[in-house]
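In structure tokens, the next block holds one chain alone, the form predicted on its own.
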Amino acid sequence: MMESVLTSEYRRLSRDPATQQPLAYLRLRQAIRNVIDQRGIEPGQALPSERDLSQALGLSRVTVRKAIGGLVEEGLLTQRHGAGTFVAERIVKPMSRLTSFTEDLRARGLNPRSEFFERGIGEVTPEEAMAMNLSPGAPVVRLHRVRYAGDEPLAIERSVVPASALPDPALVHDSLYEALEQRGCRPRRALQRLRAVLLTAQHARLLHVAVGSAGLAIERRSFLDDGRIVEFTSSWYRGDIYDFVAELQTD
């Protein structure tokens, strides 16, 4: 079924003068992209093998491999050694609601967990003090961790929280927001800045992707109802898995 859908789309592109691409691997790449966009292939579903696509389309396996390789680099497809090529599963994160990483994954039926590299208390740095409107020398809790869905690493987070809101870092197991809520200090609004980055060697190693892979760097400052900043978090997300979506309206 999937093979016939891909074959049909590839042939349609070959016949359409408006979209005709002289290079066969680019036509196939666009055909796969179109079928995925139209949900002809669902996230997590396997593509036909290179050999099967080659025979169905009358293309060389080198051409098929080149088409698929470009979509793997874009993050649209993933390859698992010995298992095949699959449509990448993406997590859509709406930006209109202030929710935690743990809440987002649980809502999608995924199992969130954290691997901590740092979970302690120290004095605020000058940069942190400026970002959080804290006095020099104020005690803060620092959390540095990799965030997972099951065994898949999705993001790296560095969080700083005033010790007045969270006196013991051991209170945080998976969700920082749950720990803050138990103290009556859950944030009510946040300012968030996103930018596209290429993941460094260190980040790529922790996230199990190639060096230079696309990522999203996010800086968040979260506020209590009275205006105090209760969280300052810098995160690096895998660009091949996460989509951040914002709803826009006219006045």
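Keep in mind the model is a prediction, meaning the values are calculated, not measured. Position 1 is the first residue in the sequence shown; the rest follow in order.
What follows is about the form predicted together with a small molecule, which we do not show.
The small molecule in the predicted complex is approached by residue 235, whose closest heavy atom lies within 4.5 angstroms of it. Interface membership of residue 220, defined by any non-hydrogen atom within 4.5 Å of the small molecule in the predicted complex, is confirmed.
A residue is said to contact a partner when one of its heavy atoms sits within 4.5 Å of a partner heavy atom; residue 142 fails this definition for the small molecule in the predicted complex, lying far away. Contact annotation for residue 174: at least one heavy atom lies within 4.5 Å of the small molecule in the predicted complex.
Heavy atoms within 4.5 Å of the small molecule in the predicted complex belong, among the stretches 76-84, 162-170, 127-135, 142-150, to residues of 142-150.
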